[in-house]
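Presented as structure tokens, the chain that follows is alone, the form predicted on its own.
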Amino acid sequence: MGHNPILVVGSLNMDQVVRVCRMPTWGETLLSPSSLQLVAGGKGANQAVAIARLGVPVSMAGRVGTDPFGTQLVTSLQADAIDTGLVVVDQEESSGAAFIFLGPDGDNAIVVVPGANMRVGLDQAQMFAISTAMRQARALVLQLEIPLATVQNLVATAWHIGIPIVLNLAPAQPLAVETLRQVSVLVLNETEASLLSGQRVSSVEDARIVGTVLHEQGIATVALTLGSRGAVLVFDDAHGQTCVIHQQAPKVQVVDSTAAGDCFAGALTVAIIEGKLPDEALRFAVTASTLKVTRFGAQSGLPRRAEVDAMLH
């Protein structure tokens, strides 16, 4: 199994990053202090790159358009040695894009134009190819920038095969309880956890409570990310007792928080398939995503294994 890849099914977007001193209001025109930057992104592709840079083979399934962005997005994955055999070139829709307004403090506001991403797995040929590849995969990693029907079908298939499923519930959308119960690890941030549970998450204590509630609804492992406050992991120990652990994030200078959640999801997946214990796995994922926020760009800023290991030690 050592050489078998982790299969990531998800979105590929070209991030078009614009720096702003503040958000424009309706009808207002602002001049940006810097030039437009194009960075390969998309939650699926970001998670694939995060995993690849942490030293585990990855296969990515998704869809791009026939436009130049599509070619760049695929080439960018290949530069990190990711197998892109399952990325289909859609003849009708354009490649996904994201318009990212980056504020002076590293905060961002994003508009995503899904394009071809909203057709992932809607045709039988691609679904069959993905299901076939899944039988050789060590784990399946999913997010919600592709059709919900595709996510539900893939979770059911992976669950029947018996491979671990990591689902990042982002961007936040309600998902059927039966689908959530088939997931091995559910990764979500404060906003997504609030949507799913109907309870506000504004502190570590809230995260512990909400994580436990979701776990009690039948979700095996719940990982709740809290930005600068680290993350909380809820799972059952060997005796079937519910455990809740919190990992503080190291203090760093935030440059760009884009893809920090994707980095966390990818790193947690790597830690789990490598058999790390829950507290080690959580520390590894929090450390990796902390490193990410110190750098600009989605995929461009994702850390490598040696860097994460160095920061851990």
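Note that residue numbering begins at 1 and tracks the sequence as displayed. No experiment lies behind these values; they were computed from the predicted model shown.
The same protein also exists as the form predicted together with alpha-D-ribofuranose; that form is not shown, yet it is the one meant from here on.
Contact with alpha-D-ribofuranose in the model of the complex, defined as a heavy atom within 4.5 Å, is made by all three of Asn46, Ile110 and Glu145. Using a 4.5 Å cutoff between non-hydrogen atoms, Ala259 counts as a contact of alpha-D-ribofuranose in the model of the complex. Using a 4.5 angstroms threshold between heavy atoms, Ala298 counts as touching alpha-D-ribofuranose in the model of the complex. Using a 4.5 angstroms threshold between heavy atoms, Gly266 stays clear of alpha-D-ribofuranose in the model of the complex. Proximity of Gly62 to alpha-D-ribofuranose in the model of the complex: non-hydrogen atoms within 4.5 Å are absent; the residue sits far from the partner. Remark: of stretches 245 to 253, 282 to 290, 37 to 45, 62 to 70, the one touching alpha-D-ribofuranose in the model of the complex is 37 to 45 (heavy atom within 4.5 Å).
A heavy atom within 4.5 Å of alpha-D-ribofuranose in the model of the complex is found for exactly one of Val74, Val232, Ala98, Leu214: Ala98.
Of all the residues from 11 to 25, those having a non-hydrogen atom no more than 4.5 Å from alpha-D-ribofuranose in the model of the complex are Asn13, Asp15.
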